[in-house]
Every structure is written in structure tokens, then in C-alpha cells.
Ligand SMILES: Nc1nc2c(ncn2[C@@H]2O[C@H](COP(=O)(O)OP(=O)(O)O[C@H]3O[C@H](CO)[C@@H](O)[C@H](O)[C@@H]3O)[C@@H](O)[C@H]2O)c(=O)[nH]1
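Below you will find one chain, with nothing else, as C-alpha cells; this is the form predicted on its own, and questions on how it binds or moves follow later.
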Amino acid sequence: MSNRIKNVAEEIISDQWATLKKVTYSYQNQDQSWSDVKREVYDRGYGACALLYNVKKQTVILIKQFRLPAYLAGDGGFLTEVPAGIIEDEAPEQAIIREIEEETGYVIPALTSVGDIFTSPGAVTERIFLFIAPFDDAQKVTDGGGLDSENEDIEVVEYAFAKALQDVKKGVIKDAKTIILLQHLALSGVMKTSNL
């Protein structure tokens, strides 16, 4: 922890789906002066996501679902994304393997870690662990679609990798974690990008 931050105090504003806090603290500026700062911080826990890819078919598995914040921001609300979910007292790998099966219907035995990111560090504590994994049709055990108990209504889409990259360029795919994983896969050389 930094010695440039002290007197941190937190007050819970809302504790419904996640926790919204008002945080006050003292911050030492680069010129050595101190400032008192007030911020609202949204704490929804950590998450994990994964991009499934098939080299032979040159496809990836994405999902499409309604996102209220995107809707309220005037962007239609339905986003194309990689499978993702909140980590619940488990390793990130366990969480995303569970989420992949719930959301897509695929059982994935192993993943490759790509790292982790903060989604919006100015206001949200969420850290997302990123993974990629190869898939084949034999690993599909259910239709997926999410859990009724979590009010999930997820459409599973097998996307041509080249089209996914084009849709990033066109602004059709706007989810940050999905863009990062698609670009990672493109840069890795595992999938073909020569016809873009």
C-alpha cells in the first residue's frame, strides 16, 4: 500500500446487487501537499472471462445478452461478449469453466491465462481474469443460455474469427474484455488474420 494515502474511511451507500461505497481519504500530491478526496466506489467482486477458439474452423464462441447499463447509455443494450462471470470463493479458472458451461454449453478441461485487468479503475474495484481455450464440437454438452435462477437469457453465437475482428473495427463488438481477448488471439498467431 502506498504511503501517499492515509485516513481512508468508507461508508456504504447501497448494498443490493453489489456494494456502492462513499470513500474519503487524504492523498499526497507530487508536490508533497495533501488533498482530502471524496469518491464513490462500486465493489462487485472479481470476475473471469474466456475466449473459446477453434483453429480448424477459424471460429470463436461469443454470447449475446442484454446489458442494462449499455441500454441506459443509449446503445441498444444487447452486447456481443465472451463468456464471463463473478468469482465465488473459487479460483478464477474454476469460475470461468463453470460459467462457460452455464452460458455456452461447452465443457472446457483446460485454459490458458492471458492476465488480468481492471475494468474501470476510476470508479469500480472489479478485476477480471482473462483466459483463452481451444474448443471442439464434441465438448458441447448442453445448449447453454445461462441460468434461469440468475435471470440469464443468453444467445450463443459461433462467430467466424475474421468477422469478429471486423466487427471490432466497425464498432459492432464494444465490450472491452472481448476486444482485448480477440486482439490477443490475433496477435498470438494462433488464428489466421491475413485476409482482413
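All residue numbers are counted from 1 along the displayed sequence. Predicted, not measured: the structure shown is a model, and the values here were computed from it.
Below, we turn to the form predicted in complex with the ligand, even though it does not appear here.
For the candidate set Arg44, Lys57, Lys140, Lys163, a heavy atom within 4.5 Å of the ligand in the model of the complex is found for exactly one residue, namely Arg44. Per the 4.5 Å heavy atom criterion, the ligand in the model of the complex is contacted by stretch 170 to 178, the sole one of 6 to 14, 19 to 27, 184 to 192, 170 to 178. Although the partner is absent here, Val114 is not a contact residue: none of its heavy atoms lies within 4.5 angstroms of the ligand in the model of the complex. For the chain shown alone, Ile86 is a contact residue for the ligand in the model of the complex, at least one non-hydrogen atom being within 4.5 angstroms. Within 4.5 Å of any heavy atom of the ligand in the model of the complex lies no heavy atom of Leu51. For the chain shown alone, Glu126 is a contact residue for the ligand in the model of the complex, at least one non-hydrogen atom being within 4.5 angstroms. Heavy atoms of no residue among Lys64, Glu101 and Glu158 are located within 4.5 Å of the ligand in the model of the complex.
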